[in-house]
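One chain comes next, on its own, written out as structure tokens in the form predicted on its own.
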């Protein structure tokens, strides 16, 4: 049996790296005494498959991981009770929202997710000034950037990866620095676009404040959906980042 888990990562835990959080998850699954399947060989590892890594310092309303359970022990697991069972075993700020059984043949999260929606606070600017910068960015035919890949510098074009860009208003009163809030849908395939890269491509370049990933999207057969199966609770609506 394969389970797909959706969870939030909010607050101070945003400074925990993807690798360290993966260790926290493995420990939580072990403490919950779930029958997690393991790889074979001299150094068996739990079969836990993580989705797209979230940059350290960023928050998220919708992170995902897949867990393989041994059968027949998996049949005794109450999936509806797992969010309440797992959350207390994870660091504060990591809250499990939903768990669903998925087909093992389903494409892995890293391959299936085609884009992400981000809410980005941009300090030191007004919504009007940022809207003008957004118009300039969207009207560009290309946005060249130099990236390092396998130790070599490679020229890329960010423009095809910017799927949506909207200024949603000023930053909330509790923001560390006042500015404007940007909502962006950025592609993850064939090359992902990071929020910092997007802002660096503005004219003039902007720096990011608080950043929150609000959704991850899978596109198949012309339809767009979240990674969990139909019927699972939906993520909370996008909004300004919390402190």
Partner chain sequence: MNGLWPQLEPLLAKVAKPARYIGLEDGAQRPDHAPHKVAWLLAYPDTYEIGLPNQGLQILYEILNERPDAVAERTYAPWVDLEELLRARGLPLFSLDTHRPACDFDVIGFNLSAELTYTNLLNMVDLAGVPVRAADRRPEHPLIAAGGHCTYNPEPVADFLDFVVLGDGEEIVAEITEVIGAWKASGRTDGSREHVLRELAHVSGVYVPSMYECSYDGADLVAVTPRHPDVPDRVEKRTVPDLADFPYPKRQLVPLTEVVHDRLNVEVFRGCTRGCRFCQAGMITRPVRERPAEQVRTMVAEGLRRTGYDEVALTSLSTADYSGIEALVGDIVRSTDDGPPVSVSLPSLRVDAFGVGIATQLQRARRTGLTFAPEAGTWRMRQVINKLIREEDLYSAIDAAYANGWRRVKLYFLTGLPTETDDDTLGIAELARNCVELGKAHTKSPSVTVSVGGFVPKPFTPFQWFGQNTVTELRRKINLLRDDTRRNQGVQLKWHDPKATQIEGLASRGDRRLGPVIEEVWRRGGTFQEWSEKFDLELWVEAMAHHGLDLDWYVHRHRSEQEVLPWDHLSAGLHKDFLWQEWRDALAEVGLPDCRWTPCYDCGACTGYSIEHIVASATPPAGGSQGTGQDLSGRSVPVTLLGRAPEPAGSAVGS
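If you're wondering where the values come from, they're calculated on a predicted model, not measured in any experiment. Numbering follows the first chain given and starts at 1.
The protein also exists as the form predicted together with the partner chain; that form is not presented, and the subsequent description refers to it.
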(message) Between the partner chain and 13, 20 and 24, in the predicted complex, does every residue show a non-hydrogen atom at 4.5 Å or closer?
(response) yes
(message) Going by heavy atom distances of 4.5 angstroms or less, which of 173, 169, 92, 144 would be at the interface with the partner chain in the predicted complex?
(response) 92
(message) Looking at 24-32, 213-221, 181-189, 196-204, which stretch has residues with any non-hydrogen atom within 4.5 Å of the partner chain in the predicted complex?
(response) 24-32
(message) So in the predicted complex, is the partner chain close enough to residue 56 to count as touching (4.5 Å, heavy atoms)?
(response) yes
